[in-house]
Ligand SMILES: CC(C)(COP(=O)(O)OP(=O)(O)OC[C@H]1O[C@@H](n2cnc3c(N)ncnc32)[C@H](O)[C@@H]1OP(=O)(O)O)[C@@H](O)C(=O)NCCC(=O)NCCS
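A single chain, nothing else alongside it, follows as structure tokens in the form predicted alone.
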Amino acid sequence: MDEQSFSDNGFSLHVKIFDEPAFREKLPLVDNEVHLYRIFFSRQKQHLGDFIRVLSDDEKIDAARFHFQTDREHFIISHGMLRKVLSQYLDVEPIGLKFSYGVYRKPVLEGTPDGCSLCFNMSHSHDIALFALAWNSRIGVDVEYVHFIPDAEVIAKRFFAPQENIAFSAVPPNKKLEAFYNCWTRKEAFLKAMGDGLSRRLDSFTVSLVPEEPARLLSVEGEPLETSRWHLSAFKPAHQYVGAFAVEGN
């Protein structure tokens, strides 16, 4: 387990990063704390049957819709693992967890105890899945497998905000790919935390992207106070991957 502490936007945040959950006793998660889990699909395939058994009937139907076996296995593992991770914090068996979905299909837990809300989000790319959890604070996480994108600058001009494109154009050529993924994962993490889906344009808010500079939410169109309400953090979950999470501060 790795631990990191941040002080940002007037609140302190403690982050615990776990590898391959052990599923033992109930874990403590306190306010102003984020728990992150990282798994590798290739290491979890041997437990596929265990994950299938904790899925709901609807999830099993969704899994069966995937045409490619790899996609189907990744769905089963990620959703089964999510249930197992969440069950460590609640007195509920993984199969007993119930979810409801917002307008933009972001899942939330039903029936969490004492009026509290265990907020969570997950993301996966290539061989990695990430799960992020926090009490009573909206949270979003994103991970991307870093590979060459020939039209990265075209994508940036289309989707990044003007301020981000100015910063991106100034990045040295050998750092541009990293800068692109920095921007993309941070934007995705914030969108997923907000739960807005595609209703919020990618260029309607700006994030930092220059390599070696801290991850920051710099501006949100029409909502100047939002930058003081969110903590944005970047990390490298494994070689050739970039990750980021956004969590609401209080």
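Residue positions are given as counts along the sequence shown, with the first one as 1. These numbers were taken from a predicted model, which means no experiment stands behind them.
Only in words, not in the display: the form predicted in complex with the ligand, which the text now covers.
At least one heavy atom of L202 is located within 4.5 Å of the ligand in the predicted bound form. F160 belongs to the set of residues with a heavy atom inside 4.5 Å of the ligand in the predicted bound form. E33 falls outside the set of residues with a heavy atom inside 4.5 Å of the ligand in the predicted bound form.
Though the partner is left out of this view, S123 does reach within 4.5 Å of the ligand in the predicted bound form, counting heavy atoms only. For the three residues K16, E226 and W230, a heavy atom within 4.5 Å of the ligand turns up in the predicted bound form in no case.
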